[in-house]
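Single chain ahead, by itself, as structure tokens, in the form predicted alone.
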Amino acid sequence: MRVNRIGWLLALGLSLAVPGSAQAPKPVKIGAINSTSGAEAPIGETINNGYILALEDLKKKGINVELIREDDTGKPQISMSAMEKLATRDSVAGVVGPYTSACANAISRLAEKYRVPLLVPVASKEDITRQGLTWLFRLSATTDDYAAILIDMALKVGKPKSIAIINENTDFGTSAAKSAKAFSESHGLKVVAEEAYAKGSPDYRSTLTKIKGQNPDLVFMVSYVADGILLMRQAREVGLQPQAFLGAGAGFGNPAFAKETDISNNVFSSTQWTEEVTWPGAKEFAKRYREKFNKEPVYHAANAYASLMIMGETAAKAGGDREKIRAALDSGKWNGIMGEVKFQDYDGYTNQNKHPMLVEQIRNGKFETVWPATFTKNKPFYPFPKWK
């Protein structure tokens, strides 16, 4: 009897030690909606790179995330279909994304309908988190923040009296232009031109010539990469010569724009992250990003990384329970490469992270942090030099 009992216990021990048994952590399913094809693919790529690094770090923490990726091509209707698929057929615990403001705005109420936690990494249109939605959270700063940091810097390093605003007529562009106008007027700047354009237009010369006729001290621009490059090329052609070109992140904060050194040098861009910040792990993240992707890290990647880390850790701790995840996001606080992240209700916002902004200036094809002084010793080069 004793021999049989010992043999039975040994057999039981062996069965429990079999690789792949129930001891392995069950993966938590998270959806990621991104623009990996179409016009916004260059930025979509950097966002995906951020997710890749986050998955590596989550795995190191013993958190097994099954990331289900959906490409919305930058189109709201496709983004909505992706959200419905993730929420119903894939039964994900939560969703990160999408990239553009138009897509994020489109799926925000679907998160509420299907009761799926949605964490927006980058999209910045004001209204996204001003709908009173309880399943929607945003790590990204808002277009008010994008405009305020740029114009405030210009007012403090120069003596501008007027500003012209040119923006694409998308959710992001319209919201950022509205924010820039409100901030400018409240700080005594005269808005001499407001020009919206259709995204992907082939020629902006007539619009830029009209702006040139107003002789603005500042030109505030809101565009994605391709349009941003074309705008600056044609600004040079028509001789538009303000004290400063201010780019509201997006395309102006992308390495593809910076590489166009004949038109990008000395352009300012607002940003949510640079490797010069003192936030925990920021410098290490930049080093890893270069080593893995052989590219310069940008704020889109950092935002994406932080968002997936927060969603992954929260979902794992909650055992994939959506309601518990929502509650944990609502009450939690995190500190990492984006500084302190806490989703708060303030000034009409719901579940909005109060994120500090920075300003970069492009010099010889590279971004340098130049503002505020609390983050860098670099000084802004102002005013914009004469076109050669």
Partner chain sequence: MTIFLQSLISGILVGGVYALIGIGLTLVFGVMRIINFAHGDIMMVGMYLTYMLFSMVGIDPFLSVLITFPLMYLLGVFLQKVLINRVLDALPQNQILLTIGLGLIMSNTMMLAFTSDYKILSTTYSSSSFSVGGSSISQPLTISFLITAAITGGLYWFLVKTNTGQAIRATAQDREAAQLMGINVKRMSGIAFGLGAGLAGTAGALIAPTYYIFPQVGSVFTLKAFVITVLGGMGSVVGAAIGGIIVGVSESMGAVYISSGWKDVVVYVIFLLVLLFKPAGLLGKSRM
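Numbering follows the first chain given and starts at 1. Not measured: the values here are computed from a predicted model.
Another form exists, predicted together with the partner chain; not displayed. Remarks below refer to it.
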Please run the contact check for Gly38 against the partner chain in the predicted bound form: heavy atoms, 4.5 angstroms, yes or no? yes
Taking heavy atoms only, is Glu45 within 4.5 angstroms of the partner chain in the predicted bound form? yes
4.5 angstroms heavy atom contact with the partner chain in the predicted bound form for Tyr197: yes
Does the partner chain come within 4.5 Å of any heavy atom of Asn265 in the predicted bound form? no
So which of Arg115, Arg233, His187, Lys287 gets a non-hydrogen atom within 4.5 Å of the partner chain in the predicted bound form? Arg233
Tell me, out of Lys161, Arg205, Lys317, Lys283, which residue has a non-hydrogen atom within 4.5 angstroms of the partner chain in the predicted bound form. Arg205
Would Lys210, Ala226 and Val238 all count as contacting the partner chain in the predicted bound form, using a 4.5 Å heavy atom cut-off? yes
Looking at 320-328, 56-64, 30-38, 353-361, which one sits within 4.5 Å of the partner chain in the predicted bound form if you count heavy atoms only? 30-38
